[in-house]
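In structure tokens, one chain follows: the form predicted alone.
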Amino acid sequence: MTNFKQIEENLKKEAKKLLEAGSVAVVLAYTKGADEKHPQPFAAKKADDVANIIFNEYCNHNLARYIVRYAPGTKIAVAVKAADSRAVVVLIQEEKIKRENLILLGIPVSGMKNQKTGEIIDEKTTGGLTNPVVYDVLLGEEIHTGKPVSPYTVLEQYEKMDKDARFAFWKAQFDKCIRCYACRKACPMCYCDPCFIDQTKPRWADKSPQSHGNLMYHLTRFQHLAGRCIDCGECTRACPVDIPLYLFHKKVAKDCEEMFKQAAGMKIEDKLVMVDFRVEDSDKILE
């Protein structure tokens, strides 16, 4: 079992050391929210702020989402779980941030919980990983659970549907959408400003919560995340009407991995699959 209190103490210790030494301008971590189940992202900018840092099984927010909000060149320390570290890798690959400006405080963890349901989320939205893929300081012992868990097991029922059933399923889900854009705000890969849906010249889609506009928004966003989604599940947990967005992302991620033999955000030296063209690549995507 993960010792959450020990990780919290180690996180505070490293954060205080970095801020006192002036090694970073800010440490991105977590602090108390309305209650234990709703911690919130926190930016510690001075050593005294460290007392407010916490870490528990509900600290799911992907802190990579906030790195791009700081000016280029800002020295930042950030607490990263497995999926968070994969997001950092993609942001480095896309040249949104530079590795030399980051100190990654790695958190090996299993047993994270969904704030809404209290259920363990490891097998649904952590890509089957428990250890960060890149870090500078590891805040706990690496977790070795034996045989890796496939992140795609949860797709079994979905993949049994034929195309008509899938379309009906997603239409029903998207019809619930109230266009709050919480999914976009929670996603570390949704950093475009303005987003395509906010463009007025040209106008890509209707922003009101209507069936056709909802379909346009979500399908376009899904495709923008092809080969980039790092399976943190934040979009689904942020959704106030509980649309299972992670299912579509996982399906696209599975197809990309099968075609290109590469999962998003695993190695900094990899090239993004949708911009790296190799003669041995599968042509299935064109069918």
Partner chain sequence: MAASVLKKVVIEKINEVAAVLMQKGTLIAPVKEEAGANFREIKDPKDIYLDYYNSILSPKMVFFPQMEDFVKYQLAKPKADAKIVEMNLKPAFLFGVRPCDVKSFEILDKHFYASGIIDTYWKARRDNTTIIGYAFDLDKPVDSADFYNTLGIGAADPEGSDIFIVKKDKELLLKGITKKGEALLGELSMLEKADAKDEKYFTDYVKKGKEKKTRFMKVDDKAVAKKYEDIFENNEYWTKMSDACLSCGVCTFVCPTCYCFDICDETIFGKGTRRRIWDACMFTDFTLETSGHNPRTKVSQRLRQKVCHKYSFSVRKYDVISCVGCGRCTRSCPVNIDIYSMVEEATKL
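Because the structure is predicted, anything quoted here is derived from the model rather than measured. Positions refer to the first chain, counted from 1.
Keep in mind the form predicted together with its partner chain is missing from the figure; the text below concerns it.
Here the chain stands by itself, but in the predicted bound form one stretch of 79 to 87, 174 to 182, 129 to 137, 95 to 103, 174 to 182, has heavy atoms within 4.5 Å of its partner chain. None of A43, L219, A226, V68 but one reaches within 4.5 angstroms of its partner chain in the predicted bound form through a heavy atom, and that residue is A43. Exactly one listed residue, out of K207, K113, R166, K75, brings a non-hydrogen atom to within 4.5 Å of its partner chain in the predicted bound form: K207. Proximity of K160 to its partner chain in the predicted bound form falls outside the 4.5 Å heavy atom cutoff. Using a 4.5 angstroms threshold between heavy atoms, C256 stays clear of its partner chain in the predicted bound form.
Of the heavy atoms in A51, none are within 4.5 Å of its partner chain in the predicted bound form. Heavy atoms of R237 reach within 4.5 Å of its partner chain in the predicted bound form, making it an interface residue. Here the marked residues V252, K267 and D281 all miss its partner chain in the predicted bound form; none has a heavy atom within 4.5 angstroms.
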